[in-house]
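In the block that follows, a single chain appears as structure tokens, in the form predicted on its own.
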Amino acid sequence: MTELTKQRPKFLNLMAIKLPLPGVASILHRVSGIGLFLMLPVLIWMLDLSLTSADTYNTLVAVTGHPLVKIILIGLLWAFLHHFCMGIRILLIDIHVGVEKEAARKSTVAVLAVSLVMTLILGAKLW
């Protein structure tokens, strides 16, 4: 009877748990999706500025010329690229490709590497 009753922790310290790399990438996927959703009104406003008239386009160019805005746009670029690459990985897992532990870890590393490299390349063009 004592074998069945384990001592369970009363306090679970979430900061002490070492999350595996696919778990970290999954959390980043959710965070990037939330970030993209929350910034959607700003992106729609920027699209409106670019399409309304030449004067509003010049306003957009002036706004996006500020270094802080460029950093935010590069962050959004990373969020989009990571969300896109991780979404493809999740779709592959849904059809049972790369489900094993080692394959999942390799695909996670590939997602992180590809999204960061693409962000650096496209961010350099943006800057």
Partner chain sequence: MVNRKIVGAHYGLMDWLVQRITGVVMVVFTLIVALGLIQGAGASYESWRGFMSAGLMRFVSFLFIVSLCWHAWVGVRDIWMDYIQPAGIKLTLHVLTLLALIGYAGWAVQIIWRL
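Numbering follows the first chain given and starts at 1. What you are looking at is a predicted structure, and each value in this text was computed from that prediction instead of being measured.
Not on display, but discussed next: the form predicted together with the partner chain.
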Site check 68, 74 and 104: each within 4.5 Å of the partner chain in the predicted complex by heavy atom:
no
How about residue 80 - does it come within 4.5 Å of the partner chain in the predicted complex, if we only consider non-hydrogen atoms?
yes
Look up in the predicted complex whether residue 47 has a non-hydrogen atom within 4.5 angstroms of the partner chain, and give yes or no.
yes
Contact flag, residue 97 vs the partner chain in the predicted complex, heavy atom cut 4.5 Å
no
Partner proximity in the predicted complex: residue 62 to the partner chain, non-hydrogen atom cutoff 4.5 Å:
no
Scan 41-63 and write down, in order along the chain, each residue with a heavy atom lying within 4.5 Å of the partner chain in the predicted complex.
41, 44, 45, 47, 48, 50, 51, 52, 53, 54, 57
